[in-house]
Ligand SMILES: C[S@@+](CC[C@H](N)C(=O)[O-])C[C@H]1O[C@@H](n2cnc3c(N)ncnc32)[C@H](O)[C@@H]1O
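Just the one chain here, laid out as structure tokens, in the form predicted on its own.
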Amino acid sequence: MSISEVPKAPLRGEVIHEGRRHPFEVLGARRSALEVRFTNGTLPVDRMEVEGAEVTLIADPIAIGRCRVEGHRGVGDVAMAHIIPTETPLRCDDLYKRRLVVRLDQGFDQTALLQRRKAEIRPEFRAYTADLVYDLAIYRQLFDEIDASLANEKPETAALVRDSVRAKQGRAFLRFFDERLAQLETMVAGFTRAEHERHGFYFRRNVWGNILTSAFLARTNIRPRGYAGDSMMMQQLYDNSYQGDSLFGQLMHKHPIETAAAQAVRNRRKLLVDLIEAAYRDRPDPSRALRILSVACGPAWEVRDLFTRAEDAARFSCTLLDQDEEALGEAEHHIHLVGTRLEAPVQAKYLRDSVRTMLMSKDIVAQFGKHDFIYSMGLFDYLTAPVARSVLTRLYELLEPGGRMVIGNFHVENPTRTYMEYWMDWVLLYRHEDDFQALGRELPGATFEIYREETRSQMFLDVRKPRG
């Protein structure tokens, strides 16, 4: 199944103008505007405010108030328009993609509460944060002065100077950053979860200007797709390069993607290819391709790595499952390019679905099929123990006799944990080896192995199903 073939309920609504209702279908969205097609073929009004509009989410219409309609003609003279909510500005991309009504200004509702919570921040933490903000401002000014001095240089000359600055002064700055992170870890070591949340929020508000200079840190905090760890973040982790318009921003971007947790993500990509190759050599039925299922697959970079020769197209058959339509689309696009390069189409199916559907399925094998190798790397870090146990049980049902399943989870000893929670607003559910193994103790006949990659940040539960 292609991602384009996955059914998605259309988002429909009506514009109300001068007592008449004009139905439309939403085709897309920008941050503050809906792209619509009027299904009766006529625009109610162009470049004027209308009394109101409604969109239907699941069953009930939701009023979004006065709107501005900006019309244009589509293909074949179809009545197209942008609808911009003006009475209550909305996150139209969330409305379209996630079916959520999110006001652009809703954060102001919590202003008084957040100001009161400031009194709960420990004095020593306030002092640490203030000192850090001051020190970062000094470094930023120094690097910005170098950028300004290079503004009129030839690009080749400026690039050489920036390389030199990053290698010397830049590395000194990254060591300074490491020292301040070590101080932060020591300071918050005894905090309760509630204290971590309060102090983390306070901290990010104070260093927000520095966060926004980093392409990576900005994305982990803003989460344009609604979750951390999206395909763009994975791309940045894999690239592991200096990105940004300024020296300071490049350094702020590079620092988090050099951490142990970031290296663990890069390590698991190679590890997966090695594990799949091993599963192929030990496959239950040597007469056919190894059937692979990736759950919460994201952009599936490891699948692209798997296909290096034309004969690989016949060795593996992949099913990629994710609830993020954009990530699936990226995976499909790049895997298609791999097949084109090899002149051998890759056997791949793309399923836009969620773990919730998997848990509720009455006949999971009929819905998702049987597989020889199942893996999931970015899912169990967000699942509570009861849910994780249920998901593991359902995945085990999909495993062929003699098959193998590998599940990743970040370890409680992840040295990047404080950095992730305070700077990145990225909170995971960490597990110890005993916790991880306990999830699969009731799997009938299963044998287990647990190991960690070289940074020791991430561990893997390697489950094997008996052959018969």
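The structure displayed is predicted, hence computed values, not measured ones. Note that residue numbering begins at 1 and tracks the sequence as displayed.
Not pictured, yet referred to below: the form predicted in complex with the named molecule.
Using a 4.5 Å cutoff between non-hydrogen atoms, L379 counts as a contact of the named molecule in the model of the complex. Under a 4.5 angstroms non-hydrogen atom cutoff, the named molecule in the model of the complex has V355 among its neighbouring residues.
Contact annotation: D324 falls within 4.5 Å of the named molecule in the model of the complex, judged by heavy atom distances.
Although the partner is absent from this view, L184 stays clear of the named molecule in the model of the complex, with no non-hydrogen atom inside 4.5 angstroms. Heavy atoms of no residue among G13, R37 and P85 are located within 4.5 Å of the named molecule in the model of the complex. Though the named molecule is absent from this view, in the model of the complex it lies within 4.5 Å of a heavy atom of just one residue from L217, L290, I335, A296, which is A296. Proximity to the named molecule in the model of the complex, defined as a heavy atom within 4.5 Å, singles out one entry of R268, R91, R304, R166, which is R268.
Of the candidate stretches 194-202, 254-262, 229-237, 174-182, only 229-237 contains residues with a heavy atom within 4.5 Å of the named molecule in the model of the complex.
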